[in-house]
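What follows is a single chain, given as structure tokens, in the form predicted alone.
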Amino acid sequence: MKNYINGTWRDARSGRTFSNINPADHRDVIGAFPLSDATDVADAVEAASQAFHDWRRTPAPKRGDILRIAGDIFARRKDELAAIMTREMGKTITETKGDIQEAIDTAYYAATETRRLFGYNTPSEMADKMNLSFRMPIGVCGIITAWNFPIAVPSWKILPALACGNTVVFKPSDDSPHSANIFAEILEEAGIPPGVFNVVHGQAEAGSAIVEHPDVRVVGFTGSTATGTAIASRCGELNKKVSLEMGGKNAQIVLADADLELALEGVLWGAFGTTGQRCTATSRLILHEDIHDEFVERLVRAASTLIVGNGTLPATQVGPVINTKQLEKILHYIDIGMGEATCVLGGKRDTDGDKAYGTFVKPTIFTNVSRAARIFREEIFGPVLSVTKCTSLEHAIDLVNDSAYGLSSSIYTRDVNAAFVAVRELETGITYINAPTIGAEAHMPFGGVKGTGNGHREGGWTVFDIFTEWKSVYIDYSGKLQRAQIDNYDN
């Protein structure tokens, strides 16, 4: 496996590599990928800088044509790519197909938006003068993403960046590098010119080199809050635009009037889908005291039947966690939870049969979780759910908002008034009514507040604000000097 730089496949200049390992079976080594450093990043940035001159002048709808073709190719290769993704990062085939569908949807949406990169016109304060504004591409975009959505999340950044006329240097996670190479193959087949899109594999050294390179004008990052805030600090010093999508500690509220069966289906999917390894995963469950005991009983019974296993097996509902480091982190938090709350399900590694060769954790549920508990407050990123009792809607909202994060929230209720109060009061970038905390759609803004992000939104029309700069244009056809920004009202 190689880097993709200026339309060619290359090894790292150092010759160093790292191994990509199947989390469901550590005996399965998928391949060796380049362990790139600053020299490889410099090659990719130089190629992207050179390609930018022509790409930004390519008519936007022509750029959109390429993205539309890429969407067609993603659709054609969906089954093949889903199998590759499941093998390298573990989630079920059904979920990896959904991951690719996000890219397909984003490709078609971004392609359409190349005909809608609207500016604004506004009247001038002076006679015989016209005021216009335009979206302009920025330059080379450095894209750094996590492993849990190896195609969808990169597509949210890469495809709009390309649509706007920027070029891209992409560093995928070292836990899901193979998917990035397929991304490059698809864009190449679609007709992307050499240098417009580049893939540089590696670890923290390569990511830091992208942030530090003076010709990288924009950094788009998805990952941990600790890493994201460090990138933001450095980009601030370097006067670079940066978009951050970071952690979450998302909560689902279930009020006493809710459809409990629907709420149960929601929390099972939100907490244990993708093995809890989503920034939007349901990590906290806030239950009204009137239905708490009944709901917990139903939840434990249903969650105990979830099938844990290799994501390639049709019956599997919960795949492995990504690697040994994350396994150890999750088990550490489970140990912490044992001293803070009551474990009513799971609480241990799953080593049954062939699962002993992978990194599997049994779906875990804690009850009697106080707001002071670490498992209530800290992101675990695994199949661990904390349940807390509330006494009212106001109490539930207060519990949800008592968090350093603010990505996604959910409330189940039949009371439309309660639903709209929650929409207004929940301090999150996304709120679902009678649906789980996961399930974003490609044409809607995606992102959070507080420790989750820095104000930008991916997805939908808002992502184009990340990858463009505004240019104001004043056209004076009066034939005389007209002076703005002075007091013209005394004349």
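Since the model is a prediction, treat every value here as computed from it, not as a measurement. Start at 1 and count along the sequence shown; that's the residue number.
Here the subject shifts to the form predicted in complex with ligand UN1, a form of this protein not shown in this document.
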property	result
Heavy atom within 4.5 Å of ligand UN1 in the predicted bound form - the one residue of 31, 61, 445, 439 that qualifies	439
One residue of 153, 161, 254, 271 in contact with ligand UN1, assessed in the predicted bound form (non-hydrogen atom, 4.5 angstroms)	153
Which of 124 to 132, 142 to 150, 212 to 220, 68 to 76 sits within 4.5 Å of ligand UN1 in the predicted bound form, heavy atom basis	142 to 150
Contact flag, residue 386 vs ligand UN1 in the predicted bound form, heavy atom cut 4.5 Å	no
Ligand UN1 contact at residue 279 in the predicted bound form, heavy atom, 4.5 Å	yes
Contact of residue 175 with ligand UN1 in the predicted bound form (heavy atom, 4.5 Å)	no
Any non-hydrogen atom of residue 95 within 4.5 angstroms of ligand UN1 in the predicted bound form	no
